Ligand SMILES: Nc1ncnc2c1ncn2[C@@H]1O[C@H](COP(=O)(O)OP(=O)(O)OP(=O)(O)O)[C@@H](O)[C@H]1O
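There is one chain below, alone, in C-alpha cells, taken in the form predicted alone.
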Amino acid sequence: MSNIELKNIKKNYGKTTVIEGLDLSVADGEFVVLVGPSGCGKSTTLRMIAGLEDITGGDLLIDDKLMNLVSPTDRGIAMVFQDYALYPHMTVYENLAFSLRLKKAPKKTIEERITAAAEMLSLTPYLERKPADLSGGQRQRVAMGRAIVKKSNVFLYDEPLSNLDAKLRHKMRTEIKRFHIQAKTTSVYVTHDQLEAMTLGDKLVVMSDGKVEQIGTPLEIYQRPMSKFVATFIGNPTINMFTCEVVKEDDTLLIKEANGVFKFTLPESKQELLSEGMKVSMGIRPSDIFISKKNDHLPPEWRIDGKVDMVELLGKNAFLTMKSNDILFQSEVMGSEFPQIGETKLLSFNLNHIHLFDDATGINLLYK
C-alpha cells in the first residue's frame, strides 16, 4: 500500500489556470473519490498523479517520495480508463498479460496472476475471447484485471463506469468496492456522478472550478455541506433552495421567503447565528418536506399549503414537485397511496434540519 500527498498543486495551460493550489492527503488503503461537475479539474488532478500531465507548481509525493519528474511507469500506479483501452486484436488473456510480458515477467508468474485476477473478476470463461465478443461490463472487468495483475500500490479510476447502463453501473460499483476491500489498495476515483461518489468513497473531495470545496466522509458531506455549491451538488434529488430574508417580529427572528411562500419562526438553535436584515438562502432536503400529519410533532407555524405539480413514482416512495406562489420545490413522501396532480396539500417543513447560506459568499452559516 502507499500514501499520496498533494501539496499546493497547480496546473496551468498557458495563461489559463485549471488547478489552483490543491492540497490533498490520501492515506494507505484509503478509497478517495474526486467528484464535481465537468471542467472542475478532477480528471486533470488524477492525470497529474498518474504522470500523464505535467505539474505546473507544487509537490506530488507517493510514499513520501517526490514524484513530479518521475515517469508514469516508475510510479507504481495502475490506471483504469473510461474507454477501457483494450487491444482489440488480443484475447482477454493476452490483454491481461501484456504489461507483464513487457516487463519480462516469468511465464509462471504471468499465469498465476492472470488466474487469480480472472477468478476475482469472474473472467475465467472469457479468457480466450476478444473484446468485440464481450459486453460493456465484461470489458470494464478486463480493464480492471489488467490493472490488478500489475500488483500496483495505487489504483486510479478515471470515470470507469460512465459508458455503462444504470443496472450494470450498480453491479460494477459493487465489484469495485469488493475488490478494494479484498486488495486493500490505495485508490483515487474520479466521477461526476454523486451516487457513485457516495456509495464508493471512504472520503470525498468535492471540487469546483479547480478548487476543493469540501473534503469529508460521504455522510459528513451530505449532512454538513460547508457551501451552497456542495449542498446543491450532493444529494438526489437535489436540495431545495429558497431565497430569504431574516426579519424580526416581537423580538423573535423569522425567515421570510422572497416571494411570500412562507414566513417561519426559526428554531432557537439557529436564531443566535443570524441577525435581522440578513439575506440568506435556505436549503432543505426533499425528505424534510412532507405531507402534514397530526402526529408529526412539528410546530403548526412550520406548515404551508402547496399544490401538486408533478408526481414521480419510485415504488414505496415518490418525489412530489409542489407549487406555492409560483415557486416550485420538491417533497419526498413514503407509502402506497400518493396525491394526484392538481391536489392541494398541507406540508410540514422540518426546520431543525435546514441549512442557511450567506447570499454573498455561499458559506453555510451554521458551520462557519
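Note that this is a predicted model, so its numbers are computed, not measured. Residue positions are given as counts along the sequence shown, with the first one as 1.
Keep in mind that the form predicted in complex with the ligand is missing from the display, and what follows is about it.
- Looking at 54-62, 337-345, 317-325, 30-38, the stretch with residues near the ligand in the model of the complex, meaning non-hydrogen atoms within 4.5 angstroms, turns out to be 30-38.
- Although the partner is absent from this view, Glu159 contacts the ligand in the model of the complex, with a non-hydrogen atom inside 4.5 angstroms.
- With a 4.5 Å cutoff on heavy atoms, Thr44 counts as touching the ligand in the model of the complex.
- Along 12-32, a non-hydrogen atom within 4.5 Å of the ligand in the model of the complex is carried by Tyr13, Val18, in order along the sequence.
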